[in-house]
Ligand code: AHR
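There is one chain below, alone, in structure tokens, taken in the form predicted alone.
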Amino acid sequence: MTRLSSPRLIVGMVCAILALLTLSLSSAQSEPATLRNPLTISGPDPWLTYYDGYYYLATTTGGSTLNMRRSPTLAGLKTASPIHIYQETDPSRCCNMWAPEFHLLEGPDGPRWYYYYSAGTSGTLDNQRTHVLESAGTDPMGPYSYKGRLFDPGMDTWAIDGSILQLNDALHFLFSSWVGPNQVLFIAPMSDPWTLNGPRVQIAAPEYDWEKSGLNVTEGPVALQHDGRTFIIYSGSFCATPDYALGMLTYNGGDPLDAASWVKSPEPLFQRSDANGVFGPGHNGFFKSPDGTEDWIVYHANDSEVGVCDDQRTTRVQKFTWNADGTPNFGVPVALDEAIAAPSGDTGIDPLPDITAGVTRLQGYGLDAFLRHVDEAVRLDFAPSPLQDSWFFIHPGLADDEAISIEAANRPGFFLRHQGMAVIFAPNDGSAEFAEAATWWRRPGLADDTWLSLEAFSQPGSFLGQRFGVTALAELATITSERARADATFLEVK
């Protein structure tokens, strides 16, 4: 005869099992989350801040719009859609938007975000100047309004990479400009977050070999403060070379507007790692972990020695430490296949360990050709170069999440849209009209129903295809030939 277990024994066994499960779950939850670089396929000149429960990331767009990504986790920035926060139409400052930074500073109406960036005129890079936007409140996403241009009236010249230094209860502006054959670093006093109230002072120029690869350059100055000490971290050498690297100025006390108050380190602090496949690491920013216990650097780099100074540079991050003498130790740029622990207090899971796994290409039917963008134009190309111009992210439709929207992977915030019967890649301006024009229905392929055709959401019966040899919308009534049906049929290639 089998003896039944007593209720007390059963309860004890259940409690033991629950304790083991709790211990197992606790152990799993206590293990740090990990992620892998890069955070973006296209992300030069990154600026990243953790504020009020979210990470905010902005990078160079090179166009007429400014975008921002937001995510509660660092790894989540990989799949966060860039949100359009500002578009410029004034021809004197419309274009070539570079090097965004946003700082929470005290304004006349309380704390506001001030968004600094370089911009100029169309068709040339010779008119770059530094501009600033002001937020309406304390949300880093804005809305923003144009506040002004920062310049020294006595020397109103080409000036880029503006940044803020708060020191000795005063605001100072850091930037880079050309003096003869050298791109040098300057500091200037500020009366408020959008106004310089004194002449610029040169505090550094290229002097070491590592600052002179390609061109003589010192640029991208960023303040770094720790335990009462102040440093300026900057980028040296031409950005199109693999030798682009980070250097450091150390504040030794006295007047920050006196060049003698700054001492340059002779060696770079952060440079290429051939062993890790990282080239040209530079133009950086700094941010804290969610719990405030860790310091992190954000920077851009290339994964090839032949990488250039364009939008193929990717956004990367890693934790750094401090040396016994109080100086920063950035270490070596980590390889793209190295998993790194997420910032302390960040429990996010990397949605794209290999960021290219989220990329889609659109192949033309019966052709070894792929849809690509050439700036804003759209065409089929048998050999897209660079390849990344044919990489897209497929999102739920901006106007209807049962449809899709197609974003250029290396031009964040630029979506495939139609304007009448023309199709282009254009920046999302946040309007309902844009959302509808950038939304597409997946339909069975007109030439082969195992492939797909893309019907315009806001123009039913019009499909992405060809008209007069140009990629455009074509009305179904005109898609009668075998060639026309093939032109409107694509395959999503992962």
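All residue numbers are counted from 1 along the displayed sequence. Everything numeric in this text was worked out from a predicted model, so none of it was measured.
Below, we turn to the form predicted together with ligand AHR, even though it does not appear here.
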Testing 160-168, 206-214, 337-345, 418-426 against ligand AHR in the predicted complex with a 4.5 Å heavy atom criterion leaves exactly one stretch, namely 160-168
Check: in the predicted complex, do 113, 132 and 147 all reach within 4.5 Å of ligand AHR through at least one heavy atom apiece?
Finding: no
**Prompt:** Closest heavy atom of residue 299 to ligand AHR in the predicted complex, within 4.5 Å or not?
**Reply:** no
- Would you check, heavy atoms only and a 4.5 Å threshold, whether residue 239 touches ligand AHR in the predicted complex? yes
Q.
With a cut-off of 4.5 Å between heavy atoms, is residue 373 one of the residues that contacts ligand AHR in the predicted complex?
A. no
**Study point:** Exercise: residue 317 in contact with ligand AHR in the predicted complex, heavy atom 4.5 Å
**Key:** no
Contact with ligand AHR in the predicted complex, heavy atom within 4.5 Å, among 99, 77, 185, 119 goes to 99
Contact with ligand AHR in the predicted complex, heavy atom within 4.5 Å, among 303, 88, 219, 389 goes to 219
Near ligand AHR in the predicted complex, with a heavy atom at 4.5 Å or closer, the residues from 300-321 are 309, 313
